[in-house]
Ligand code: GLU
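One chain follows as structure tokens, the form predicted on its own.
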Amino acid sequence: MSNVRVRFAPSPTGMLHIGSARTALFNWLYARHTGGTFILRIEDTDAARNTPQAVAAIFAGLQWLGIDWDEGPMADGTTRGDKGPYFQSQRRAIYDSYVQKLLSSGKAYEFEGAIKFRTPKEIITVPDVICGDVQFDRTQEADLVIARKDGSPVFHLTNVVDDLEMGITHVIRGEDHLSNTSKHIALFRALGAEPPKYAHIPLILNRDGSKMSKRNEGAAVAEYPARGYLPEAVMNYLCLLGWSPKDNREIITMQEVIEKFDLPQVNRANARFDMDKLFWINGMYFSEMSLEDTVPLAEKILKEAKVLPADFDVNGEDRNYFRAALAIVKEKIKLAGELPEWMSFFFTDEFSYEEKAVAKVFTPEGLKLLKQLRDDLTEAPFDVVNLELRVKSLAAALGLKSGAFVHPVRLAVSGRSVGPSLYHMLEVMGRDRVLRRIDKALERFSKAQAAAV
């Protein structure tokens, strides 16, 4: 059994940033690779900035991604080994005891009501698994405040105390924390403890090389479920931001990553976030999902978008229609969030028509051809093969290309100029629905043209 113990320690002051999620992921991967323990620790001692909503966002984001933690006490004092997490706001007495230890040993002192740590005035080398040995000159360093005037502990103290108390063996965090590490090593030594091993992972930058802020596209983890991304795809992409399987693959399962992942393999260079690449990876995962696995996701998204009628039953009498419609749309899109746009017209006759398409397609000649096709469809077998054959035969008889019929009927039954395969769409909708919508379009746009004359 491995003795590796790692932790993810976010501050609940806002949304869960994609960079923080990647830090959590790398800690989780290392714990799972080594058979170790992954701890979630909420650093919520800054009461003025923390919010319950931010705590909830951390939990929701990690759980959506599938990053589970292994231990920790609950707020009511009970312990649930598989849930956690630890909250620093509940550990004040522990921090106070360590402040007293440092005061008693003369390694800390009171200054204007605050408590300062006597920072060693020396050059400290940080041995880092990823960055190598990094030196920090602390010979001119001011003494470090470890407790404020109100007695509340600061980040540097709580971070070190918790890592010590929780037996953390490896601290895996963003490179922006590297400059803090020499201070933390000094505190560990002052407490007579050996520091954990450190591994500072590269930062995530925007595609143009600028720092990824909270306002940038893709920065908030909550964006992804809302837009219909798959957690497996996001996890896959995050793995590639600073790590790779070394065989040029970009699609890799979490089980494979767990088997291969190790800290020395993490790249030193900063990673650039590319939404287009994530979109492509998501499309690969989405295309591989079975239809039945897609159904609950599609139902959720379509209900949230108010596309499905209130009485529509995807697992009851409407089961076959829903699955048939989903099947022909699924192969055309890469993101579940696109489903409302691509499927809304399947569930209502009350849709709008694209204005540019109407002007281009519903000309007098276009409406004449639509009427001719409508009459033909009343008797034609209503399956993909025969529908395509009928359209092509009509077009050939008139010396036209099949598009002369395809474009008007697509616009009439969906209100759009693009969409799923036309013949499959007509088959799914069925003869009655198709004829009803064609009649509606013919009546509306024929009247409009007559009124314009």
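Values in this document were obtained by computation on a predicted structure and should not be read as measured data. The first residue of the sequence shown is number 1, and the count goes up from there.
Below, we refer to the form predicted together with the ligand, which is not included among the displayed structures.
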Just checking whether Asp70 would be counted as a contact of the ligand in the predicted bound form - the rule being heavy atoms within 4.5 angstroms.
no
So, Arg173 and the ligand: in the predicted bound form, are they within 4.5 Å at any heavy atom pair?
yes
4.5 Å heavy atom contact, Gly19 and the ligand in the predicted bound form:
no
So in the predicted bound form, is the ligand close enough to Phe312 to count as touching (4.5 Å, heavy atoms)?
no
Out of the stretches listed (287 to 295, 153 to 161, 377 to 385, 338 to 346), which one is close to the ligand in the predicted bound form, meaning heavy atoms within 4.5 Å?
153 to 161
Full three-residue contact with the ligand in the predicted bound form, heavy atom 4.5 Å, for Glu354, Arg410 and Gly415
no
Given that the ligand is left out here, which of Met429, Leu25, Ala9, Ala441 has a heavy atom within 4.5 Å of it in the predicted bound form?
Ala9
Consider the chain as shown here, without its partner, and state which of His177, Lys116, Arg272, Arg91 has a heavy atom within 4.5 Å of the ligand in the predicted bound form.
His177
Hey, which residues along 41 to 56 are within 4.5 angstroms of the ligand in the predicted bound form, non-hydrogen atoms only?
Glu43
